[in-house]
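Structure 1 and structure 2 below are two forms of the same protein chain, each written out on its own as structure tokens.
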Structure 1
């Protein structure tokens, strides 16, 4: 395929923009209107008159890359032109006219990528000599470079439609000489929901471009943007013969790994023996923990916990982190090694929310065994503080039953009460509270439970009526157990907040809220990092969250936030809101609000925050963030009164940091409140922001005619 055909075909057939007026050239190829028709070949069939000055210059410089690019450009302009068979002929031509020194200088600047200087030199020459014209080849080369820069800059900043527009206007860029441009165009199609055109670009590359490294990189990029079925279809273009054959085995391995990974998360899906063998080979050929974790979870969910335990242990040795620890603890529990699971999970509980959840689940399972085990005092001393700090009602209920079955009735009563405090509709804890108050002859306590629960719990009603048998009795053989303490409420100690210089007094509640914000920010970053670690490459794959469970959708939402795709995260959080538990819905509403805030959509963020109940700390955090963005938006628009109103409302929630104080000062200045502005700038000046504050004080001095610093 000639390059003229490839460049124009991809511009028209793939880009398909109306801006390209489709014309048909003499060779049957469609031509963009912006490209002049190829000159008709001479009647005698000789070579057309082609300006080879640029080609000659690049050859003389030994610049092979630009020689090839220029050959491609000339072929696109002159289909009947062929380059000399011996490129060394270009370095010198005895019959050629002496080169213009300015032209040589212009090409030299072009070669050094000093495009602005080339344009300036051309303009200067045309000013002094209105009849002088630069070579058409040089102008075309400059336009190509400038178009490539515009396209690259648009791609780097995520302006995808601009990428496609520039590609439309400069179809000569779309050749194998500019593979990076083609990759960027393909991504622009994907980011504008035109995945089939992304596939077309990759197909063109694999059909026409010869560099093996670029061909493999094309498929690697396709893995991040295309559905796996389309990636698999692209494998048909693998070249197994020739001087530089392809090796797409790594792509096939990745597709197999992904199939096993999906099956590792769903016990109803089964991976083929071939795909499993691929993952086994990946484990043997690398020290990466990823394939080990995939096979570990596959075995865990497909009834082979013994093999899963081996794999998770291997993953831990390969720095598999929190996900490996989660799998190891869950597999120990599946193997009914619950004491071992509790001891192991305790060491990892603080590493990630998932690890804390596993520890609480394992501790609950340990306490719930029948008959109750003889737990050492140090085990209970581990469990109780964690349960109390996490306010986990299931474990509190299990501590109640464990206490009840080990004849610690008063402690059992206290734990059942605690569980109900954390989860008011927990009927088993209410039943346990009824049993323990009855055993302790606490008539008032028993009657209170019955009055509240008689209509909702048949067994509590039966207990009050003296019929039926209590569901959980003390063990037949009393167990000698260590006393179980009731944990006292503890306080989390955070670093003290530095005093603020502003005149407004900072309240204790504001300080506490600011500390909570710092802690929340750390937790959010940890959630995002863990979610991305859990999903791996699947996080970057475009996927409709519909059909995901609440927890899976929530994890995907946090992962998308980690890779800065907040609007896709909104869709995942919406799925979690519609299908998740109350705790999941709370997290999803919080994450959705943060996603909208990241896009400066403050009204949407406020609405999202109200979709599920939030803690006081989170309400304050989201409120402060929303007010911050509203203040910044108002300031950018010159609405200084609204800026001050938003900042003042925010200051009632948390202390005002220096950057916002500066905005407050400039708003006062713009409104002519110079004394207020001066107070703010001087307060900021005391904190080390001397240059920024001094600029504000200087501005006041210029307006008022008084030196104020």
Structure 2
């Protein structure tokens, strides 16, 4: 009776419903406890050894009733057990009482699992003979089967309280032959927030049940339902000797793997050498990416990025997917291979939100390097649309500083502005906006930033008050070979930001930003669609402007400018010039000059500007722009004297900005006028924007053989 007896004990102990347990205690006593089954724990392990001796004895006596009772009892205990086939040969003792054919039939139906029919036949017999009683053993067996079905059905539909109630009322179910029932009861405890009782069921099972497969499966279930400390405690029940010893090493490995996994994400947690060795072994013994990733992250967070990189690469090879890609990109970045990281992360950015986040982070890091790196145009060209689409303020700010540090001040200003629209409280971007507006002599812009920020940012307030030099930004000496904006890769396809007519300011707000982004063909295409939708009209279709009215032609011209098709815009502006009112003509001439300027056709721009009278402001603006273009074009061609002439002419109209002052300095330097160059660089340095100037001074020092810095 050991199994059933202990089952009752455990049922009472683990179910712990005192009231119900008392009830079932008496039920339990009614169980067929008189005939003890095999008292010894199963020795052969896989299947509990069924003691058939009583059965054989009754069979040899020809006592069918007791044979059937014993079969019922054994079947209740061991559902997988079948009665021996040679029983009939043992029977036939003529002295035995005549067997009841109905009971024989009932047991047969029971054996065939036709329980409803057994119940039906009993009821039928009782209808005709109200005094007739079925064998108690049969009733107990039926109740056990019914309880198991209800328990299983309830568990399958998540009715956990029913599971526990049935188990309490039918403790005879809770034996090693019904391990599945024990598992379901254990789960019901866990699902009703009683994990300690879940552990008790598993403990009971490991202490009493012999099948090694079921024992291991018990621990696997424990892993899904119990806290790890409780799982670890259950390992003590591993049987290391005997015919069928346990092998719980996979559970130990899993626990080790989990410990390493936890430590892999927390640099303050260290995994033991043993645990790390387990994960290494798991990597060797499987083609799974899981353990590789864990070890990758562990190395990543514990100061070994080189090893982490190898592991993430292995994980990628094992179809580790987005997680592996995330690790690989982050590790490249940690190894300061930021260019590689950017290129790699770009390929994976669309695969998962995490990968997009990493790409944006890496791109931000790439742009924020000190000194600013020389970036390939295609790199910038792919960063910008992603940043724009994702509206990622950190990268916008970095693009601002990158532009700033490569002397693309207008572009920088636009990026800082963009960053602020995406993240209104981004102080560094506000500071960048203050710096750039100040450098561009954009008083209105500068005052607006200061008004908004001086109470919140000391350095912006200082800038407004003219105190001190601005703090160093992520910038350093530009590469000497490319010291000026024009030489910067970003600028090669970037049309200069053009001043815009006042009347267009409202719609231009967004478009101006767009224009700043127009670095690549890809970008231009995207911009076209956005410009169209933003302006609610379509000028992308090539068509002859002849026949358009002055105002329509003018509108079309601006539209074409916005989608960066300046030569078509020239045609449209021409149409406007020939048919429009004087106001339209003035506007058209202005537009035409801008269109030519965008194509670097400065002479044509100058002619266009003269086609219609312009306001003084616009004359100055156009003149300055034309002269800037001329100066830059001349500098690019190495015509330094002409550069200086254009700059001087421009300086008579508008104040010379620092970026143009630097070009003046470099031109002097190229012409060997070191003293003039030095004066200019020092002047720039004194305004506080010293890094670029310092580069110039260093260059002079190198050329003249004097290291003054």
Partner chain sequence: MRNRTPSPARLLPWIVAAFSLLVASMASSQSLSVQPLNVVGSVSPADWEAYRSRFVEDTGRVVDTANGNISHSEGQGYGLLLALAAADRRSFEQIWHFTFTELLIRDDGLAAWKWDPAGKPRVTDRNNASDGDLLIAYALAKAGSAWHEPRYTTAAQKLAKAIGKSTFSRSGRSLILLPGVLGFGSGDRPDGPVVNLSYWVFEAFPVLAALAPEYEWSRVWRDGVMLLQQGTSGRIRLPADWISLQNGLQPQPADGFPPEFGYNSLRIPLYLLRAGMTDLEWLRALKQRWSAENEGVAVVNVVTGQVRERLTDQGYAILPAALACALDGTPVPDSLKTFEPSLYYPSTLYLLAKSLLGEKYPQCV
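Positions refer to the first chain, counted from 1. In this text, all values refer to a predicted model and were calculated from it rather than measured experimentally. Whichever C-alpha set is largest while still superposing within 1.5 Å between the two forms counts as the rigid core.
Novice: Any idea which of the pair is the form predicted alone?
Specialist: Form predicted alone: structure 1.
Novice: Examine residue 576 after superposing the rigid core and state whether its CA is displaced by 2 Å or more between the two structures.
Specialist: Superposed on the core, residue 576 moves its C-alpha 2 Å or more between the two structures.
Novice: Aligning on the rigid core, do we see the C-alpha of residue 586 shift 2 angstroms or more between the two structures?
Specialist: Moves: yes, 2 Å or greater.
Novice: Aligning on the core only, does the CA of residue 557 end up 2 angstroms or more away between the two structures?
Specialist: After core superposition, the C-alpha of residue 557 moves 2 Å or more between the two structures.
Novice: State the core-superposed CA shift for residue 668 between the two structures, in Å to one decimal.
Specialist: C-alpha shift for residue 668: 87.6 Å.
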